[in-house]
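In the form predicted alone, a lone chain appears below as structure tokens.
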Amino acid sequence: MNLSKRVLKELYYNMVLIRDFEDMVDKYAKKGYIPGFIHLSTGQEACQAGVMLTLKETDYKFPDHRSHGVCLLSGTPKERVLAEIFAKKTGISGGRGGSMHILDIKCRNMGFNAIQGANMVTCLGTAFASQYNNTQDVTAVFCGDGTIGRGEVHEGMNIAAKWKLPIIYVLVNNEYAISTRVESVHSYPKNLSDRAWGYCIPNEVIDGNDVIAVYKASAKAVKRARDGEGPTVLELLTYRWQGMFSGDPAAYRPKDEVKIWKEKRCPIKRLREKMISDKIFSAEEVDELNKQSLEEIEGMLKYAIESPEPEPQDALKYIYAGKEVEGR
């Protein structure tokens, strides 16, 4: 599959946009503008950009806690995604969800509920609906290496395999579950995704920092799902530059290890160098894309900061309650 100039441009721009977005979110979280925990995917941008470009807006997306990029690229007005993180009234959920609960049903971003592994079961519902209604819409569900060992993951995969549901499991293996190295807690033959064969689900292990490889593997899995051939597990090998959350010093990781991933395996740098060396884009053209991303981020930031705070009287809206408390 030879990628067009348009696709390469989108892949590069989307990675840069995710990086710039999260750098800005990290900065303002540390300034106290953003409540709650912020989990960043800095260094993992190819995993989200590569997969998302293979999906349609009508496909279902189940992000995890480290998936701002999925939410940005689902079709929601991007400034409303940021306003939600800032807990503003103009956020996609009126500021109620924050960083870990961004969803937009109109764009079929089904959101994350903060229970690791839960989305690996709830995704069965949308996948079955697509199959039942014969819409050919696929469901992409993101999870990390720490999540893959949970029981509900295996229950979900078993059903998905048996019913040949159109699901792409995007296993983002960044080597650490909070502060624990992946090999310290998992018993597996070679790769985490190899266990998918226990359910007769094909898997593929990909360099998660090579956005072209991610895009190609995802396109193949999406086609397989649309054709009624069932689920696929994509294991994307990558690394998060930040700690578990914004502000985590990540003292549990060797400094040399972090340095190697930042300096030699940055997904954005790799694609930039390839596009320039292959004479697809000039350095000036790539720099212009970087500039456009920062300008778009500035627009989002202005919108979020200037947006009003939620009204106190709306605090109990959309909360399930019995009749005895209605009207209070």
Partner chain sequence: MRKLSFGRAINEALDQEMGRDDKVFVIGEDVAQMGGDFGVTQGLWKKYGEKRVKNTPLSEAAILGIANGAAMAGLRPVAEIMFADFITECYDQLVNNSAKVHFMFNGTVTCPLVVRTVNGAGFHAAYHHSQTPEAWFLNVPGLYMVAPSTPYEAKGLLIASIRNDNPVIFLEHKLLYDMEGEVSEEPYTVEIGKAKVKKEGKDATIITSQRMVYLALEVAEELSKEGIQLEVIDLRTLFPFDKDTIFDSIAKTGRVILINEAPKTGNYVNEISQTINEEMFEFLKAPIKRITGLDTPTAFAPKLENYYLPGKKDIIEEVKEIVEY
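Numbering follows the first chain given and starts at 1. Computed from a predicted structure; not experimentally measured.
There is another form of this protein, the form predicted together with its partner chain, and it is not shown here; the text below is about that form.
- For its partner chain in the model of the complex, the listed stretch (250-258, 174-182, 224-232, 114-122) containing residues with heavy atoms inside 4.5 Å is 114-122.
- This chain is drawn without its partner chain; in the model of the complex, the residue among A213, I201, V205, I159 with a heavy atom within 4.5 Å of it is I159.
- Between its partner chain and the residues R96, K164, R195, H186, the one pair within 4.5 Å by heavy atoms in the model of the complex involves R96.
- In the model of the complex, at least one heavy atom of M110 sits within 4.5 Å of its partner chain.
- Although the partner is absent here, N209 lies well away from its partner chain in the model of the complex, with no heavy atom inside 4.5 Å.
- Heavy atoms of D137 never reach within 4.5 Å of its partner chain in the model of the complex, leaving it off the interface.
- At a distance threshold of 4.5 angstroms between non-hydrogen atoms, F128 is in contact with its partner chain in the model of the complex.
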